[in-house]
Every structure is written in C-alpha cells, then in structure tokens.
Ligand code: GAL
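Next comes just one chain, in structure tokens: the form predicted on its own.
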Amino acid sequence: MTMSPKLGVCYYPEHWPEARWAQDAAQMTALGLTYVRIGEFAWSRIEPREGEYDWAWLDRAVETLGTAGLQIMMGTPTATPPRWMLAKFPDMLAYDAEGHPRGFGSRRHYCLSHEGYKDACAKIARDMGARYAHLDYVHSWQIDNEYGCHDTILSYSPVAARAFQIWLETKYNAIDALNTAWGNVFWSMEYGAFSDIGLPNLTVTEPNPSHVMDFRRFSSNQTVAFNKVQADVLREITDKPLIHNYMGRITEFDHFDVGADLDIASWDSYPMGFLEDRSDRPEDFKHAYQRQGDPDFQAFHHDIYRAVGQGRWGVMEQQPGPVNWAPHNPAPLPGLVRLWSWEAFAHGAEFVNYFRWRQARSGQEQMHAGVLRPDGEPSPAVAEIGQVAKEISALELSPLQESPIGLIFDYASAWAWDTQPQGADFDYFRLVFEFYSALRKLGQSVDILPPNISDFGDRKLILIPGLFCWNDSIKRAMRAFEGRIIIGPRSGSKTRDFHIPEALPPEIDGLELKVTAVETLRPSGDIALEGGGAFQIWREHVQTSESVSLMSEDKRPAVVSKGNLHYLCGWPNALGLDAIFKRQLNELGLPIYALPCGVRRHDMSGHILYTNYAATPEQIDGTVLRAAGVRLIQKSSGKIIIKE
C-alpha cells in the first residue's frame, strides 16, 4: 500500500474578473495542483436576496476549473451569512461574555444555537448539493469554515441561554439532581426551576465551576449539532467525502465529536502566525524561529487531526508567505513552504492546499500573501510549490505505521483547566504540547489518542497528562495494557461533575496514592528534581506506600511507580521532561536520536524524513542539512530520495 498525496489551492472566483478564471485554472494545473477549494464565503453571490439564486456564475466557475483538470472541494458558505439573513433573524447574533452582540461586518457572527439559522444552513447545503454533488469535478464537501475561529464557540446570547436551559433539563430531568451535581448549596446558589438558570457570565466573582463546565459541554454539543445538520443533508445527496477545516490551538469544542460525522479532518496551518499569536514559547525562542514557526507545533496538529479523522486528514490552508493577523508578520525563509508541505506528507496528509491562489486586493485579508501577488504575478512560494509537485509525482510514499508511543488529548480537560486553572500559567494545551515536544526532540513519533479509547494496542508507552476525570473506556484500556503508562500531573483530580473525589485524587486502579495538597508555582519558583530539570507551574504533595522512582531536591516524591504505572507529581520543565523521557525510553528499548536543535525526524513505514527548522545549517548523520531543508531517506536501502 502506498500514498499519493496531492497539492491544491484555495480560490475565490467571485473576487476576480471572469475573463481571468481560465488563465488561473491553467496556471494551477501547470504548477502541479490537483485540488481547488471554492465557495465557502460566497453566500451573498449565490443568494443575493432571500430565495433569489444566481447559480450561473458558480456553474461557469465549476466548469472552468473542472475542465482544466482540477478536482473541486466545494465549501458550504455558512460561515459568512449575507446581510439579509440578519434582517430575517435579528436574534441570530452571538453575544460575547460581556453581554455584547457580535455585529455584522466580518464573519462567524451567528449563534450556533439559533434554530432558524441552522435551518437556513441546511437549505443552502441542500441546494448546493443538489446542484453540484453529481458532477465528476466535485471531489468533496467542506462544511462551514474554521469552527471556533475568532472566539465564536461560546455564545452568551438570549437564544443560547434558552437552549442551555433545555439542554440542562434534558440532562438532569429534575432540578434537585442539577443542584446536587453542581453543589449549589455552596453560596446559596440552589435553583427552583431550570428556567431560573442563566449563563455563567457577568457574575460578581467567578461562577460555579460545575455550571461553567456544563456550559462548555453544551457549547461543544451545539457545534457538533450545527455541523451534523449540514452533514446529514449532504449524506442524503452524495457519498463524496465530507470535511471540516479546523484551526491551530482551538480547544473550545470537541473535535473528535465533530469528526465522528465527517470523513476527513483538515486544518489550517499557519506556522509563523501561530508562533506569534498562539505560542507559550519564550521571546528568545520566538526570535530564533520567527521566519520558520515552531518545529513541533505543526506536527502536533497533524497528529491531532490524523486522530480526529481516524486516519484520513489533510491541510486545507497552508501559509505560503506572510499572514495579516499576527502581531508581527515576517516572510518565511526560502524553503519553508516546501518543508511545511513535506512535513504534512510525513504525518500522513492526503493533501496540502495553499491559501490562497492570489492575494486579495480588497477586504480584511488583503495583506495576507497568496501563491500569486495581487497583480497576478508569482510570489516566492511558486517555485517551492512547483518543486514539491514534481517531487511527489515521482514518488510512491509509504503510509504511516502505528507509533510505539501514544499521547492522550482531551478537549474536556482543556475546558476544565480553563474553568479552574488554580494558577495563572496552567494551561492544558501547553501541558500536553510540552510532553509531545519533548518526545519529538528525542526523535520519537507520537500518536495522539482520544480520551475515550478502550484499547492501547501494541504500543509500548502511553502518556496521560492532565486528564481531568477518568472514564470507563480509558480505565479498561489501562487495566489491559501491558506497556508502560505515565500519568499526571493533575489527572483524575475531579469527578465529571467537577468535584474533588471523596477519596482524593488521582484514583488510579492499582496505585496506592493520594494527592493531599497542590501548589502552583511562580515563574521564579521552580523546584529542582534530583534527576535533572525541575517542576514548574504545578506541584503536588502526595501520600503513598508505593516506590518513589524520582525525588525532588526538597525530598518529596516526584515520580511514584508501581508495575507499569508511573505518576508524575508535578509539571516538569523541558530539562525535566528530557531526563524523565530518556530514562523511560532507554528502559523500554526505544532508540533515542541525538537531533540538533530545530531538526526533527518523521518516521513513516518505509521512509524517514528529516526537517531542519533552524535558521542555520545543521549536521545529520555526518552531512549538512541546510536551513529550512528536508531530507527523505528510504529505509530499506538508506538511499536519500529527496534532499536539500
């Protein structure tokens, strides 16, 4: 079995003169592009007034692109409802946490709970599907666009408030059951009816965490339901793949739940924008990688979305040059567009689409670079994209193999620790990402696993950092697993209702251990570990009769072990994770690779890819890998197939 990944581009025919379309299509195919995504923001041109459709222009665009040899990824345009929709549904607007309605004038201003708008979305999806799904040109369907972008999952609108009350009544049935689950006896917060319950915002001080947690679950469920409305409509019309394009470091909804109704996961990869806008890295790190992006951030999301798509995934939008939305927007080093593309293929991507074909001349994104400049001439990315197209056309890539290491990622835990971080620096995404990054620096491949997994397979090492509560599936998997499990910190520290367990955390079957107290540490308050490195941010005091395999320098347990179970009593910094993981990998017989800073190893079943994110050349196996360089090696022969 081999992989044949494809390249594509995001295109907006409605933005350009129709006389240009055929030339654009011909240039795309000449460059080696196969896919083109269209339609996801075009509702006002498709239906300029309610019930009045203008399909003719889109028909011609589809025909022009299709006859040129391009496969179309058709987007439903529901992320950008036209202005007449707001006149029809003036209560459709989402509200922010301060109680202000989101206004018309950009995008994603709708509330996911608005039933009238959901019905309108179903209608436009049905109409588009009926018109285009039968065409051979149409490869797949993207539903909506970037759920969660611009903080748009949590809506505090009156519509959301009523939907939340209904959701709670369905979940709890009786108000006394809700009062008990939420612990509402505290501060006299008991309710007499579900209609009395408001949203957890605008309170004098922090709201009840159980209330917040249920609101976060509700908001995620509303996202799933919104997506499912269109998925169900399209399923009735076509058997072509359904896709959504997720984003980087968006945790406000459960992507696994949304993905269950789709066929392929994709995400929008903006390495340099995300380093500037969504990274916890220190300033010196951001300076060193300002023109490259974080060496692990893209791979982490590739592996997340491979899990969300149950093996099928791609990059719907790949940054080809400077973006427009980060605090600073430098240009990538020469070679980075090629590197990012190859890195995606090494993690199993079926496609990489570049955003966008031509830089817009108007609107909010006119400063966002495209494959072509605003005048239609090539940008620096064109040569790199063409090179990648030639390289993949000449190769049959091996698929991914199951990694011996699995890492649990749980969206509900992100909501829990947003709700009650206990310390200013505690962030679930950061915790899991630092575990992942530490392993990548040691040359390891890592499979991201969902929290409801019931079987860890034949893996050798499973990591469970910060899982806020246990579920029956993962407990079964842990009991049956013969490999090694590293748990913590903060795992199992709450019940599902957001209470401290009566018997105290972490409540791990087979491990006699109680967390008796926790503390959050100032940036200057790290606690050194005897094996190297230190605990940062979060530290637990424990009571145990089990073996202590690592101590802190103040003589408290840092790692508690019994059999294949190992519990971390704090959040290790980078040096601490490096020391702990090296010991574990050595004991498990997993090879450790000495990689220069910025170089990463990507393991496929038949090939190894090396990528150099550093701004300087680095040595790999005695030879130089240039800055922003890639090297693909065939395992069976050791032959270099693709190089610098």
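When you see a residue number, it is the position in the sequence shown, counting from 1. Please read all numbers here as calculations on a predicted model, not as lab measurements.
This next part talks about the form predicted together with ligand GAL, which is not shown.
- Of the candidate stretches 562-570, 287-295, 242-250, 113-121, only 242-250 has residues whose heavy atoms lie within 4.5 Å of ligand GAL in the predicted bound form.
- None of the heavy atoms of Tyr593 is located within 4.5 Å of ligand GAL in the predicted bound form.
- Residue contact check for Arg539: none of its heavy atoms lie within 4.5 Å of ligand GAL in the predicted bound form.
- The closest heavy atom approach of His368 to ligand GAL in the predicted bound form falls within 4.5 Å.
- Using a 4.5 Å cutoff between non-hydrogen atoms, Tyr270 counts as a contact of ligand GAL in the predicted bound form.
- Although the partner is absent from the chain shown here, Arg107, Glu317 and Trp325 each have a heavy atom within 4.5 Å of ligand GAL in the predicted bound form.
- Comment: ligand GAL is not present in this chain, but in the predicted bound form one of Ser210, Asn145, Gln444, Ser219 has a heavy atom within 4.5 Å of it, namely Asn145.
- With the partner removed from view, the residue among Leu135, Cys149, Leu372, Ala360 that has a non-hydrogen atom within 4.5 Å of ligand GAL in the predicted bound form turns out to be Cys149.
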